[in-house]
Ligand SMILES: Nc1ncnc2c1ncn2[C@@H]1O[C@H](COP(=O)(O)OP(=O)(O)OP(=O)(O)O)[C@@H](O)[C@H]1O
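The form predicted alone is given below as one chain in C-alpha coordinates.
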(Lines give C-alpha, C1' and ligand atoms only; values in the text may rest on other atoms or scores of the structure.)
Protein backbone atom coordinates (compact mmCIF):
# COMPACT_ATOMS: atom_id res chain seq x y z
CA UNK A 1 0.00 0.00 0.00
CA UNK A 2 1.30 3.47 -0.85
CA UNK A 3 1.30 6.16 1.86
CA UNK A 4 1.26 9.79 0.77
CA UNK A 5 1.16 12.62 3.29
CA UNK A 6 0.42 15.87 1.40
CA UNK A 7 1.00 19.30 2.96
CA UNK A 8 0.57 17.56 6.31
CA UNK A 9 0.51 19.82 9.37
CA UNK A 10 -0.01 19.21 13.06
CA UNK A 11 -0.01 22.10 15.53
CA UNK A 12 -0.35 21.90 19.28
CA UNK A 13 -1.47 25.43 20.09
CA UNK A 14 1.26 27.64 18.61
CA UNK A 15 3.80 24.81 18.42
CA UNK A 16 4.29 23.41 14.91
CA UNK A 17 5.06 19.71 15.41
CA UNK A 18 4.77 18.92 11.68
CA UNK A 19 4.69 21.67 9.08
CA UNK A 20 3.82 21.11 5.40
CA UNK A 21 5.18 17.55 5.10
CA UNK A 22 5.06 15.99 1.62
CA UNK A 23 6.21 12.40 1.31
CA UNK A 24 5.74 9.47 -1.08
CA UNK A 25 6.15 6.02 0.45
CA UNK A 26 5.84 3.34 -2.20
CA UNK A 27 4.03 0.05 -1.93
CA UNK A 28 6.12 -2.54 -0.01
CA UNK A 29 8.79 0.06 0.86
CA UNK A 30 10.61 0.32 4.19
CA UNK A 31 11.09 4.00 5.06
CA UNK A 32 12.87 5.37 8.12
CA UNK A 33 12.13 8.77 9.63
CA UNK A 34 15.35 9.83 11.34
CA UNK A 35 15.82 12.93 13.46
CA UNK A 36 16.32 14.28 16.96
CA UNK A 37 13.66 14.11 19.66
CA UNK A 38 10.93 16.70 19.16
CA UNK A 39 11.28 17.04 15.36
CA UNK A 40 7.85 15.55 14.55
CA UNK A 41 8.68 11.93 13.63
CA UNK A 42 6.33 10.26 16.10
CA UNK A 43 3.64 12.88 15.50
CA UNK A 44 3.78 12.02 11.78
CA UNK A 45 3.56 8.31 12.59
CA UNK A 46 0.56 8.87 14.87
CA UNK A 47 -1.20 10.83 12.13
CA UNK A 48 -0.61 7.98 9.67
CA UNK A 49 -2.03 5.61 12.30
CA UNK A 50 -5.08 7.83 12.83
CA UNK A 51 -4.33 8.44 16.51
CA UNK A 52 -3.74 12.16 15.84
CA UNK A 53 -5.84 14.11 13.36
CA UNK A 54 -3.91 16.49 11.11
CA UNK A 55 -4.43 20.21 11.66
CA UNK A 56 -4.39 20.49 7.87
CA UNK A 57 -3.25 18.53 4.84
CA UNK A 58 -4.00 14.98 3.81
CA UNK A 59 -2.90 11.42 4.32
CA UNK A 60 -3.58 9.10 1.41
CA UNK A 61 -3.40 5.32 1.25
CA UNK A 62 -3.27 4.29 -2.43
CA UNK A 63 -4.74 7.67 -3.54
CA UNK A 64 -7.61 7.43 -1.01
CA UNK A 65 -7.76 10.19 1.63
CA UNK A 66 -7.94 8.50 5.06
CA UNK A 67 -7.97 11.54 7.39
CA UNK A 68 -11.52 10.67 8.53
CA UNK A 69 -10.83 6.97 9.20
CA UNK A 70 -10.42 5.72 12.77
CA UNK A 71 -7.24 3.76 13.62
CA UNK A 72 -9.14 0.45 13.58
CA UNK A 73 -10.35 1.20 10.03
CA UNK A 74 -6.84 1.72 8.58
CA UNK A 75 -5.49 -1.86 8.59
CA UNK A 76 -2.30 -0.87 10.39
CA UNK A 77 -0.03 -2.80 12.74
CA UNK A 78 1.98 -0.70 15.19
CA UNK A 79 4.98 -1.54 17.37
CA UNK A 80 5.83 0.84 20.21
CA UNK A 81 9.05 1.52 22.11
CA UNK A 82 7.48 0.23 25.33
CA UNK A 83 6.23 -3.02 23.69
CA UNK A 84 2.83 -2.34 25.35
CA UNK A 85 2.33 -5.97 26.38
CA UNK A 86 -0.34 -6.97 28.89
CA UNK A 87 1.58 -8.43 31.87
CA UNK A 88 -1.32 -10.60 33.10
CA UNK A 89 -1.74 -12.31 29.70
CA UNK A 90 0.27 -15.12 28.16
CA UNK A 91 2.31 -14.57 25.01
CA UNK A 92 -0.47 -16.32 23.09
CA UNK A 93 -3.14 -13.99 24.48
CA UNK A 94 -1.00 -10.89 23.85
CA UNK A 95 -0.50 -11.85 20.21
CA UNK A 96 -4.12 -12.95 19.77
CA UNK A 97 -5.62 -9.82 21.33
CA UNK A 98 -6.32 -7.97 18.03
CA UNK A 99 -7.98 -11.12 16.66
CA UNK A 100 -10.17 -11.44 19.77
CA UNK A 101 -11.36 -7.88 19.24
CA UNK A 102 -12.40 -8.86 15.70
CA UNK A 103 -14.11 -12.00 17.01
CA UNK A 104 -11.93 -14.24 14.85
CA UNK A 105 -12.94 -17.92 15.12
CA UNK A 106 -10.84 -19.79 17.70
CA UNK A 107 -9.32 -22.30 15.25
CA UNK A 108 -8.23 -19.57 12.82
CA UNK A 109 -6.91 -17.50 15.74
CA UNK A 110 -4.73 -20.39 16.98
CA UNK A 111 -3.35 -21.03 13.49
CA UNK A 112 -2.52 -17.38 12.84
CA UNK A 113 -0.92 -16.85 16.25
CA UNK A 114 1.21 -19.99 15.88
CA UNK A 115 2.28 -18.99 12.35
CA UNK A 116 3.48 -15.48 13.31
CA UNK A 117 5.01 -16.70 16.58
CA UNK A 118 7.02 -19.31 14.64
CA UNK A 119 8.05 -16.66 12.11
CA UNK A 120 9.34 -14.50 14.98
CA UNK A 121 11.11 -17.42 16.67
CA UNK A 122 8.88 -17.45 19.76
CA UNK A 123 6.53 -20.30 18.88
CA UNK A 124 7.68 -22.28 21.92
CA UNK A 125 6.98 -19.40 24.36
CA UNK A 126 3.22 -19.03 23.92
CA UNK A 127 2.37 -20.17 27.47
CA UNK A 128 4.73 -17.70 29.19
CA UNK A 129 3.94 -14.25 30.53
CA UNK A 130 5.90 -11.12 29.52
CA UNK A 131 7.81 -11.00 32.84
CA UNK A 132 9.28 -14.42 32.00
CA UNK A 133 10.76 -13.15 28.71
CA UNK A 134 13.93 -11.30 27.79
CA UNK A 135 13.70 -7.82 26.24
CA UNK A 136 14.31 -9.28 22.79
CA UNK A 137 11.58 -11.87 23.24
CA UNK A 138 9.14 -9.20 24.43
CA UNK A 139 9.95 -7.15 21.33
CA UNK A 140 9.27 -10.19 19.14
CA UNK A 141 5.88 -10.62 20.85
CA UNK A 142 5.06 -6.97 20.09
CA UNK A 143 6.00 -7.43 16.41
CA UNK A 144 4.02 -10.70 16.23
CA UNK A 145 0.95 -8.95 17.69
CA UNK A 146 1.23 -6.30 14.95
CA UNK A 147 1.67 -8.94 12.23
CA UNK A 148 -1.14 -11.28 13.30
CA UNK A 149 -3.67 -8.72 12.06
CA UNK A 150 -2.21 -9.15 8.54
CA UNK A 151 -1.91 -5.37 8.16
CA UNK A 152 -1.31 -3.49 4.93
CA UNK A 153 1.02 -1.08 6.80
CA UNK A 154 3.46 -1.58 9.69
CA UNK A 155 4.49 1.37 11.86
CA UNK A 156 7.47 1.21 14.24
CA UNK A 157 7.98 3.90 16.90
CA UNK A 158 11.53 3.60 18.34
CA UNK A 159 11.03 -0.18 18.63
CA UNK A 160 14.60 -1.08 19.63
CA UNK A 161 15.49 1.69 22.07
CA UNK A 162 15.11 -0.50 25.17
CA UNK A 163 17.46 -3.22 23.93
CA UNK A 164 21.23 -3.53 24.32
CA UNK A 165 23.43 -2.84 21.28
CA UNK A 166 23.98 -6.49 20.29
CA UNK A 167 20.29 -7.34 20.52
CA UNK A 168 19.34 -4.14 18.66
CA UNK A 169 21.52 -5.24 15.75
CA UNK A 170 19.92 -8.70 15.65
CA UNK A 171 16.35 -7.40 15.99
CA UNK A 172 16.94 -4.76 13.31
CA UNK A 173 17.87 -7.58 10.94
CA UNK A 174 14.79 -9.58 11.99
CA UNK A 175 12.44 -6.63 11.39
CA UNK A 176 13.90 -6.01 7.93
CA UNK A 177 13.72 -9.73 7.05
CA UNK A 178 10.07 -10.01 8.10
CA UNK A 179 9.17 -6.81 6.25
CA UNK A 180 10.84 -8.04 3.06
CA UNK A 181 9.35 -11.54 3.34
CA UNK A 182 5.82 -10.22 3.84
CA UNK A 183 6.13 -7.16 1.59
CA UNK A 184 4.35 -4.86 4.03
CA UNK A 185 4.80 -1.12 3.55
CA UNK A 186 6.63 0.02 6.70
CA UNK A 187 7.53 3.29 8.40
CA UNK A 188 10.22 3.16 11.08
CA UNK A 189 10.82 6.11 13.42
CA UNK A 190 14.12 6.52 15.25
CA UNK A 191 16.42 9.22 16.63
CA UNK A 192 19.39 6.85 16.49
CA UNK A 193 21.19 6.50 13.16
CA UNK A 194 22.78 3.27 14.42
CA UNK A 195 19.33 1.64 14.55
CA UNK A 196 18.88 1.83 10.77
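Nothing here was measured: the structure is a model prediction, and the numbers come from that model. Residue numbers count along the first chain shown, from 1.
There is another form of the same protein, the form predicted in complex with the named molecule; it is not shown, and what comes next is about it.
Judged against the named molecule in the predicted complex with a 4.5 angstroms heavy atom cut-off, the residues 17, 37 and 42 are in contact without exception. Contact annotation for residue 52: at least one heavy atom lies within 4.5 Å of the named molecule in the predicted complex. In the predicted complex, at least one heavy atom of residue 81 sits within 4.5 Å of a heavy atom of the named molecule.
Under a 4.5 angstroms non-hydrogen atom cutoff, the named molecule in the predicted complex lacks residue 7 among its neighbouring residues. Figure note: of the listed segments 166-174, 124-132, 61-69, 29-37, the one touching the named molecule in the predicted complex, with heavy atoms no more than 4.5 Å away, is 29-37.
Applying a 4.5 Å heavy atom cutoff to the named molecule in the predicted complex picks out 191 as the lone residue from 168-191.
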